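Okay, here we've got a single chain as structure tokens, the form predicted on its own, with questions on binding and movement later.
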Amino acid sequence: MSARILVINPNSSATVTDDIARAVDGLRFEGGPAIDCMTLAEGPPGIETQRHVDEAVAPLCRTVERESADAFVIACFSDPGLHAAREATGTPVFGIAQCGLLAALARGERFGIVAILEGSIPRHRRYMASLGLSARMAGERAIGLGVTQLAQEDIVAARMTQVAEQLRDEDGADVVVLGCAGMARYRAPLEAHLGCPVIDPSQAAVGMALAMLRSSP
């Protein structure tokens, strides 16, 4: 039986899950691990507050206990329940924020984060501090739209471009990290526009899970 990577979107938005699935499609190959993406039906519509993060932990842990996989990926930039999920299963669990930031550190000196809402920034900054990465963060700026609004492509693309340019030109970021799994569809055109690396954290996390499985005996 081939290996399986299960990517869990911890909010209940199927649109976000579809975006994640498209983003990781290039990591699928014949004979390789199955990369399945699922929506956590019990999760909030979007994870935008600390309360949303906390609400997702219990159903997320039940999911990793129930599902059979060779690696799990928690596809939310807050990495909700990451440590609890690791305690709940002997299977490796990857958080997209951790993986996306590691990928950014491998591509540049100082990273900038494109957030959804201003309210997300303090939560992300606490996480950066806990990871010891505050000194490498050039800045974080919000586009002012919630998770459920990320399908408004013209508006989102314009705001992401504006914010990413500010991160690059005003804050000194030489690599940009997308601070929400629902932004995946905008990565490639944003990178082409900016002329610097743009990291989609879901791609980074699945890539690391894939590398782990490929290097295992």
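Residue indices: 1-based, along the sequence shown. Please read these numbers as outputs of a predicted model, since none were measured by experiment.
Note that the form predicted in complex with a further copy of the same chain isn't included here; everything after this is about it.
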a further copy of the same chain contact at H193 in the model of the complex, heavy atom, 4.5 Å: no
Contact flag, E109 vs a further copy of the same chain in the model of the complex, heavy atom cut 4.5 Å: yes
Exercise: R86 in contact with a further copy of the same chain in the model of the complex, heavy atom 4.5 Å: yes
Contact of T161 with a further copy of the same chain in the model of the complex (heavy atom, 4.5 Å): no
Region of this chain that lies against a further copy of the same chain in the model of the complex, out of 175-183, 62-70, 37-45, 147-155 [heavy atom, 4.5 Å]: 62-70
Sequence-ordered list of residues in 46-72 near a further copy of the same chain in the model of the complex, where near means a heavy atom within 4.5 Å: T49, Q50, R51, D54, E55, V57, A58, C61, R62, E65
